[in-house]
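One chain follows as structure tokens, the form predicted alone.
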Amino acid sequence: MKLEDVKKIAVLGAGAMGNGIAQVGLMAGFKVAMRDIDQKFVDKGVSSIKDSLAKLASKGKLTEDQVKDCLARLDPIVDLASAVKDADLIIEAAPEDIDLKRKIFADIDKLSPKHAILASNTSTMSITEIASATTRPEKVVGMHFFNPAVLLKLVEVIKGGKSSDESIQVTYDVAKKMNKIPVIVKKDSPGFIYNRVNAPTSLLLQQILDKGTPKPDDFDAAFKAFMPMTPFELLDYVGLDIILHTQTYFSKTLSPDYTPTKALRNLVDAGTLGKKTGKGLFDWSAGRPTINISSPTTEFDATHMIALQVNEATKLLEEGVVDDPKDIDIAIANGGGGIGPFTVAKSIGYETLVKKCEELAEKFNLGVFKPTKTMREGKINV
């Protein structure tokens, strides 16, 4: 199978990620079936696509004819069998629940053509485990888009334990045709690249929250001048329930050090989830919170966060998840903006970063913060 054999894509899920992926497929010239379990979800997804295309047209990025052509190739649908029966590539964009994903893959394995590639848009979960629910693990891959899928360039193409090179190559080529920047994750590992590199910084924020000092406002004040969205504000934006879910998964698959803290659990139990509920670590009821910059913390700085990211990135190299440090920098730069960790490390110096990791490992008594052998050697070239 080659790129030119992919004519129709079925996207399973019409939520924010699903309709974004469907739109990207339409804009790349594919026929797209967008399926969800209820007509109201499908209708909402179609409405989002229409609004987004109209916005692009108003900015002169698409013509009215191109908008009409995109919508003519969209098949909004509820029936799963009809959605996948003639699809060449199926992209699952359902909630992050491994049992749900395995059920979907078992179903589409039976209902779709034998040549079809089955891809999961999971952000952290094992492609190998998802693939084990099918009779064609060689055709199962990860295809992780970033939100909003229409705007962000990174697509992580993940090789499961039995994914064939052909399936990976076709998925990579489809992502390129969608005008994305794909990076191949060579070994199925929790969090893949982007979410894995950022996992320890999220853990650090939880530890600070648990300790009760510095306050989120004071911590974020130290970052406000050079970050479009500050660290604790970003946790709120993502959703504290999502953070809890992801950290729980990492605690089982990476290290018990990721076990969610009492402070995070209490916030989630109280339904204080961040932006989506109007209140989290900050008050979102009147829109984006204003960070009070009057008393920035001096206990932590940006170098602490960078040190943890660089250290985690070296683990991906040591574990064979990625061969080339350049791929990690490309992924981080295109998954949410910013500069790749190894590029930043070059300007700061590994000696400084190693000290920061040691300082955090000692302060919080966490092994995941300890600098790796590769980090200590500091010989990474990008």
Ligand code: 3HC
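The numbering used is simple: start at 1 and walk along the sequence shown. Computed from a predicted model, the values in this text were never measured in an experiment.
Omitted here: the form predicted together with the ligand. The next part is about that form.
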Open item on the list: Please tell me which of Lys211, Lys114, Lys262, Arg288 lies within 4.5 Å of the ligand in the model of the complex, judged by heavy atoms.
Closed with: Arg288
TODO: Name the single residue among Ile293, Val238, Ile181, Ile77 that comes within 4.5 Å of the ligand in the model of the complex, judging by heavy atoms.
DONE: Val238
Task: One stretch from 103-111, 83-91, 166-174, 226-234 that, in the model of the complex, holds residues within 4.5 Å of the ligand by heavy atom - done: 226-234
- [ ] Indicate whether Ser251 is a 4.5 Å heavy atom neighbour of the ligand in the model of the complex.
- [x] no
Task: Interface membership of Gly335, the ligand in the model of the complex, 4.5 Å heavy atom rule - done: yes
Open item on the list: Given that the ligand is not shown alongside this chain, does Val46 nevertheless sit within 4.5 Å of it in the model of the complex, heavy atom to heavy atom?
Closed with: no
Open item on the list: Please determine whether Gln66 contacts the ligand in the model of the complex, using a 4.5 Å cut-off between heavy atoms.
Closed with: no
Open item on the list: Only counting heavy atoms and a 4.5 Å limit, does any residue of 77-108 reach the ligand in the model of the complex, and if so which ones?
Closed with: none
